[in-house]
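There is one chain below, alone, in structure tokens, taken in the form predicted on its own.
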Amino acid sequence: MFKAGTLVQRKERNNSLFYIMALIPAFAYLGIFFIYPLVLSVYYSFTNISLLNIDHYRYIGFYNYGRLFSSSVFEQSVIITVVFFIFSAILGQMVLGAIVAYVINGTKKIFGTVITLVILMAWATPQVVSGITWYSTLSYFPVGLVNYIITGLGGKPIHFLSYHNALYMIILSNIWIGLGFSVLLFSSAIKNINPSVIKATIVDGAGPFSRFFRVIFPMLKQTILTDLILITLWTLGAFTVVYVLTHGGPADATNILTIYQYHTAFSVFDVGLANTIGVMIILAGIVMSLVYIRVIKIED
């Protein structure tokens, strides 16, 4: 009896050791490529480090944070980022992604598969390629594809990347890139809903619109939470497609926080302030994720 108990304990210790050893590479990767850069970024945000004095910087406390919060450029960048986030992530990716997934699940299998593949191709395309594709499509001069079609039909070309239109275009391009993930996530969740629930709503006379928003969408809370957290982090960190399309312009019309951070570091050479902006982006992502979790738990 005692021997059997000893063998069980030894086996449990060996299993625990195996799990720890298996997790070491993951923790090492996390520490080297995430935790260390994060700690370093926070540290640099309290210094006056610059690309002009990379070896001669000093601790300056909260000076960078004071500069940032008193900057009108930062205030404008925050507003642009909030607009970009709401229309690109919340409405464009999550809500639209759920609707598209619902429509796909209600169509014939072949048609749904084709639509899903087309959407996923956009998601799988490298963002530099996506940015160049969007630029060649929307360009005013040289004439892009859309303006070529418009002028061919006798119309006047539209400056899609002008001051008044550029923000809408980066929102549209980011939706196009990120929609595939939300569609895939919601499509899988909708398939797992008990078919009898949907049949009951049909019997009760609920239309497709009412059926989706009053019955199906509220049943996807865990999927909504997962999607919200991920697309929030991805959208707050969006850079490549925006930089390729507009470089943050014209006249800072698309100067979202990541673009502002990049220009601060590599145009003004103020690495300390750029790291301060990065810390604010990270804090925004953490706070918003906690709010999502809290709100959905309250609703449950």
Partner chain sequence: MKTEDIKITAILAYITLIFLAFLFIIPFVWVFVEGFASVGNIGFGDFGTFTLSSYYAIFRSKYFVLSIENGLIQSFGGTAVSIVLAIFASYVFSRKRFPLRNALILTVLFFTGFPVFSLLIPMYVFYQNVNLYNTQVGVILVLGVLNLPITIWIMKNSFDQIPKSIERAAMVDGASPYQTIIHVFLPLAFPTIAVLILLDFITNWGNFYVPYILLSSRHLFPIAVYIYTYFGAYSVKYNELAAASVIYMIPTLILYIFAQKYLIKAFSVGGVKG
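Residue numbers count along the first chain shown, from 1. In this text the structure is predicted, and so the values were computed from the model without any measurement. If you superpose the two forms and keep the largest set of C-alpha atoms that fall within 1.5 Å, you have the rigid core.
From this point on, the text means the form predicted together with the partner chain, which you will not see here.
When contacts are judged by a 4.5 Å heavy atom cut-off, Ile216 does not count as touching the partner chain in the predicted complex. Of the heavy atoms in Tyr168, none are within 4.5 Å of the partner chain in the predicted complex. Within 4.5 Å of some heavy atom of the partner chain in the predicted complex lies at least one heavy atom of Leu230. When the partner chain is considered in the predicted complex, Tyr59 lies well away from it, no heavy atom lying within 4.5 Å. Looking at 68-76, 152-160, 96-104, 83-91, the stretch with residues near the partner chain in the predicted complex, meaning non-hydrogen atoms within 4.5 angstroms, turns out to be 96-104. Contacts to the partner chain in the predicted complex (heavy atom within 4.5 Å) from stretch 16-49: Phe18, Tyr19, Ala22, Leu23, Pro25, Ala26, Phe27, Tyr29, Leu30, Ile32, Phe33, Phe34, Ile35, Tyr36, Pro37, Leu38, Leu40, Ser41, Tyr44, Ile49. Superposition on the rigid core between this form and the one not shown places the CA atom of Ile32 2 Å or more away from its counterpart.
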